[in-house]
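Heads up, the chain below is alone and in the form predicted on its own; it's given as structure tokens.
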């Protein structure tokens, strides 16, 4: 398989890298991490003007009809820049879920706004346990006449506090069909309380969403009642691969920072890079980043071709999440004290590595997926 990009993809890679280098300097990244919004609205607007929000969506909904590979490129460069944005929650968790499972009416109403960069959207999926499973969903929808009332809580909902819309997964009791139903709700609907969390990657990236008697109607159901979890399962490989590509970009940048340091740092009359043990540690970083890239883009290619890739996506997420963490660990060993300071950029990638390792399933979670696909 040829892993090289075609001409258009190389242009997109170069454009995205230059964009983030100019619009997302590390000073902005640090500022955003301590901003309650959790992102930079001016940069978000510029990303919208470039058309990135609509890359993966059909042209009839205002998108560009691109493949998932183009989206993967944006995620890699975003990971390289270590910049927090609502791109993942809006485009992947909401946009692709709408495109794959939404009715024509919902697509025209909501997907066109996402593709045009006119709204921020997110997905409320897990309960307080933080476990990604059908049984751990923390919201429940009860049918009352011609509508539903939703109660409960969802945790670690990205950018819920600034979201125009929240797609929520709610358990439906036996009277209305045992299962999970997806509802799309206005972010400021009556009965919703949103509490931003202060996490390792920032103050406004993840939230707790509490719902008390939130009223929704049949027209707000995404997919079929009681079959929402099947929609989530279809989306899961895209979630895993997008995050894997973000890991790839992050670990490549962490490696570059480390190699630059060991080439410049002189000890006992010679650069650290002259020591064989340092060379081998850097080689290990390169091996992990390259194998991660191959795993992530293999799965991204399968998605783009419309092929089954549940196993390959799980392999990529399990490997890339742990590899990114390992790469930053080696980077700290080689950079020493300077690597732990706020002034040195490495800590940004270390924090992202820990977050991405756990986000939407850690290595154990995805190994269980692989085990199931190989017949265990």
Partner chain sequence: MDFKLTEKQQQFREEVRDFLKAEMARGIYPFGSIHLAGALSREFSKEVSRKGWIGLAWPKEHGGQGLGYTDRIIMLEEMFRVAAPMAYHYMGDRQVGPGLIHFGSDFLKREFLPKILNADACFALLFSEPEAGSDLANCKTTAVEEGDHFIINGQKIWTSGGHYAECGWVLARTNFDPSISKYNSFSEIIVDMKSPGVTIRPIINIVGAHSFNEVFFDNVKVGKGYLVGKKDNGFRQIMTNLDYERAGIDRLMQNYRVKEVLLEYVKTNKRNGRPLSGDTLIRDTVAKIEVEYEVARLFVYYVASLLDQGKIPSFEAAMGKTICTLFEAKLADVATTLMGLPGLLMPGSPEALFDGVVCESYLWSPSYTLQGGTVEVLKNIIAQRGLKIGGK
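Positions refer to the first chain, counted from 1. Treat the numbers as computed from the prediction; the structure is a model and nothing was measured.
Below: the form predicted together with its partner chain, not depicted.
Although the partner is absent here, residue 50 lies well away from its partner chain in the predicted bound form, with no heavy atom inside 4.5 Å.
Residue contact check for residue 253: none of its heavy atoms lie within 4.5 Å of its partner chain in the predicted bound form. In the predicted bound form, none of the heavy atoms of residue 13 sits within 4.5 Å of a heavy atom of its partner chain. At a distance threshold of 4.5 angstroms between non-hydrogen atoms, residue 105 is out of contact with its partner chain in the predicted bound form. By the 4.5 Å heavy atom rule, the three marked residues 196, 332 and 354 all count as contacting its partner chain in the predicted bound form. Contact with its partner chain, judged by heavy atoms within 4.5 Å in the predicted bound form, is confined among 196 to 204, 219 to 227, 87 to 95, 110 to 118 to 196 to 204.
This chain lacks the partner; the member of 233, 100, 213, 284 within 4.5 angstroms of its partner chain in the predicted bound form by a non-hydrogen atom is 284.
Residue 69 is the only one of 69, 55, 28, 43 with a heavy atom lying within 4.5 Å of its partner chain in the predicted bound form. The partner is not shown here, but in the predicted bound form the stretch 150 to 172 reaches within 4.5 angstroms of its partner chain through a heavy atom at 156 alone.
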